[in-house]
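Only one chain comes next, encoded as structure tokens, the form predicted on its own.
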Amino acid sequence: MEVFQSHRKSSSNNVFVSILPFYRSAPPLEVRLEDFEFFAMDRLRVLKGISDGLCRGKKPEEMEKLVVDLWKANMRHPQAVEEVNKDIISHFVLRLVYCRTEELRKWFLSMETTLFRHRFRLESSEAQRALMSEFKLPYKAVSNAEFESVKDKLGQVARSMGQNLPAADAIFYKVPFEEVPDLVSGRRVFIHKGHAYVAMNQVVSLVVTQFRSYISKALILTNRKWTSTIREQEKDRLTPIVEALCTSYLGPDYSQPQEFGEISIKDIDQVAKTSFPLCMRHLFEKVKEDHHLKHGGRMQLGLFLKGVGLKLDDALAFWKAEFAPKVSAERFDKEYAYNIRHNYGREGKRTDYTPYSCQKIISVTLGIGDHHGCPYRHFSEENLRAALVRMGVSSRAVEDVMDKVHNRHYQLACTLTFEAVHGSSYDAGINHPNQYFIDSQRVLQSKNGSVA
């Protein structure tokens, strides 16, 4: 197995412990399908946690702690060698998952680069130098004579950043300035004759530039292989897993009502106003207004209502009553009742179907007359602004939400809406409409002493 990684000695027993792979070569290991999917989902939890942290504007030191916590929670393994294998396998699985479109590649590249940056920064300077050597990065430390010739200039840069002057044994690397754009733009390096002098504590910028460039090219090559051969060869085995992973929901199962039990028809109008997320509130209002929803809308709203506690008999009564102005009782029983019972596991395969997650709702393609999907993604700006105002979102909060929407952070936009409507912070982030409902009810209960 050709794994490019650095090593360090354990202080307790002088045994080398593997760290931080560069992912240059996929390991020729036999991987069980179960591990193939589970490893990828664990890593996806890490990357999505990083994405949420970045979207929320966390500071570098906060991000560093977040990365450590996410890695410990999702990627640890009792055996060190298995942890390295899990790291490498999960990366290559997700590389396959996220190579397939430009948008997916861009997201994966950004999150993997951020993860690598923080993992690299956590290593000792000795381990960092070992990584640079083992990755064959084309940088050499500045000689003592050259260091002396530019020491004063390096000192000026250090003082401008409020740092100590470089020591006599300090290590600097001289590199083409275009390879460290973040340091140049931040005026954190001395530049002379087209070269930047990069201190050892800044070397992460060098490594990350190389890492990002390599992964970017690798994603393009992987996409070519996927399109030309892998997708068809694995159509009955890996392809369904790969195509589903990028929209996988990684949180709790909401197929059954949770702490707030059941809701009845008499309660539904009130809880729709107070605790439905915008996607479900819109569908609920549309079925009241039009007395009909197309199949996608019925599935999205129907499974959500099942998850919040609407029993089967009440669900049948609800849809029958709402459709009554346009659909006769006989036609309803013939064309619609079966699908409602099917969603509740009472027909067909008797599967207990799960309400749709945010990722699934965001990723749908809408047709003419459809009202499902994610309003933050699918509404026009004018319609979205109007809908947010109707929910009671202040004008200032609307601008914050729209800022997230413009940057395609749809779930974060929904989270900001939750915070604005409920007047409380919400660090967890919205990942599921039923999560929104449950936590809304929880907030209202704590404020009012009873569920609204």
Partner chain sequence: MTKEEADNGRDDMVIDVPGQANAVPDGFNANYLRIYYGKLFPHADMFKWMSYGNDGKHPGCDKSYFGRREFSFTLENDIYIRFQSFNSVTELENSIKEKCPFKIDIGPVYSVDPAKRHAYAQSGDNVFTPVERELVFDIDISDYDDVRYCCTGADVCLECWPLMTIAIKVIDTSLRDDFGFNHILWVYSGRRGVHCWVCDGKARRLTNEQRAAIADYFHVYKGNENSQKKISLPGLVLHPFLARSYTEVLKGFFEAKLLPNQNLLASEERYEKILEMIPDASVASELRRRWQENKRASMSKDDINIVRWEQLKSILQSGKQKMQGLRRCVEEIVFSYTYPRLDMEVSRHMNHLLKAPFCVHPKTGRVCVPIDPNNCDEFDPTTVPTLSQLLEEQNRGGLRQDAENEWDRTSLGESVAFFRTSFLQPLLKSCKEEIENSYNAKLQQSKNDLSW
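Keep in mind the model is a prediction, meaning the values are calculated, not measured. Numbering follows the first chain given and starts at 1.
The same protein has a further form, the form predicted together with the partner chain, not shown here; the description that follows concerns it.
Enquirer: Work out which of P240, P181, P138, G345 lies within 4.5 Å of the partner chain in the model of the complex, going by heavy atoms.
Expert: Answer to the contact question: P181.
Enquirer: Quick one: of S149, S143, S264, Q156, which gets a non-hydrogen atom within 4.5 angstroms of the partner chain in the model of the complex?
Expert: Exactly one listed residue reaches within 4.5 Å, namely Q156.
Enquirer: Could you tell me which stretch in 75 to 83, 299 to 307, 170 to 178, 270 to 278 has residues with non-hydrogen atoms within 4.5 Å of the partner chain in the model of the complex?
Expert: Of the options given, it is 170 to 178.
Enquirer: Tell me, yes or no, whether K193 is in contact with the partner chain in the model of the complex, where a contact means a heavy atom of each within 4.5 Å.
Expert: The answer is yes: K193 has a heavy atom within 4.5 Å of the partner chain.
Enquirer: Is R187 close enough to the partner chain in the model of the complex to count, meaning some heavy atom within 4.5 Å?
Expert: Looking in the model of the complex, residue contacts with the partner chain include R187, since a heavy atom lies within 4.5 Å.
Enquirer: Flag S228 as yes or no: does it have a non-hydrogen atom within 4.5 angstroms of any non-hydrogen atom of the partner chain in the model of the complex?
Expert: No, S228 is distant from the partner.
Enquirer: Taking the shortest heavy atom distance, is S124 within 4.5 Å of the partner chain in the model of the complex?
Expert: The answer is no: S124 has no heavy atom within 4.5 Å of the partner chain.
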